[in-house]
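Here we start with a single chain on its own, the form predicted on its own, put down as structure tokens.
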């Protein structure tokens, strides 16, 4: 535990104070027209109301005197299987290979430990990535290894290969999407070496690519490709796990409602440890999660809200002199002004806009900032107006 890094967002405190100072300056009527208050686009915290269908499911399950099932109720696991078939192009999953989790960050942080990894084991993850992949390796006492290609691990053999390889598609922070061909190659490489592949896919419903960019119609695959797509797996989920959260698609971050699916043998290993450790999703949350994965309408409505905000914010950032890289899917714009990211953070803070520096996510992000779409329409409009000053 002594090897854990400082929490990245703590270093944003000075920039946050600068942003607050702008919002209270009231220098002109033009400033007032841009909206009062800091525009905090540094975190991906949903701000829109939790859908009524989910709230109602939670209320109906509020009388919960007994312990819930660690594995999740059979109908919840079946509902998640149906969701994978309907939304992710991954039919025929085994319900035994599905389990709810207490948010997806919890599983990311603890997966190496739950799988029994430790000293001498390597955990791979992208070079620009959510910091918790690195933290999870450190908690387990394993070695974190950032890599953008399997070749970075060298001429690996089953004895020298990483024990666990994380993928993140769509990526947080970059919004990059890994296609079916890429995923297929990674899975083949991993299986030849006995590597477990875990794919964090929690932004899959927020796909901004055109049908031409996807190479297939929206009706055939409404979301970004999954590691559990049969074109990737060859019909077998052996050695594969997909991690998903409803926090973004359903504005459920406060519920901590997520799940893992894939290889029943791997999920069974996780289940045994979690039963001993008391890592159980509360019964009312399990019912809310079931309501969320059964209802596509509220997800489409939430996606449209983010689309509108994206179409306001992206041109405003570009007009400010920034280039948007990747950002094909997800909740963020990965932007650069061709300067150190902390300089960009301070320049935007001077306009009352707080964003996340790219160095939070690894050295290759040193000239980028991550700009979240998770603010109200009014706050997004205020940010666009300030950028256009």
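Numbering follows the first chain given and starts at 1. Everything quoted here is computed from the prediction, not taken from an experiment.
Keep in mind the form predicted together with a small molecule is missing from the figure; the text below concerns it.
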**OP:** Give a yes/no on whether residue 133 approaches the small molecule to within 4.5 Å in the predicted complex, heavy atoms considered.
**Re:** yes
**OP:** Verify the contact flag for residue 104: yes if a non-hydrogen atom of it lies within 4.5 Å of a non-hydrogen atom of the small molecule in the predicted complex, no if not.
**Re:** yes
Original post:
Wondering, does residue 174 line up within 4.5 Å of the small molecule in the predicted complex on heavy atoms?
Top reply: no
Original post:
Closest heavy atom of residue 248 to the small molecule in the predicted complex, within 4.5 Å or not?
Top reply: yes
Subject >> Option touching the small molecule, based on a heavy atom within 4.5 Å in the predicted complex, out of 303, 191, 87, 256 >> reply: 256
**OP:** Check each of 110, 71, 203, 83 and return the one that places a heavy atom within 4.5 angstroms of the small molecule in the predicted complex.
**Re:** 203
Original post:
Pick from 268-276, 157-165, 96-104, 117-125: which stretch has a heavy atom within 4.5 Å of the small molecule in the predicted complex?
Top reply: 96-104
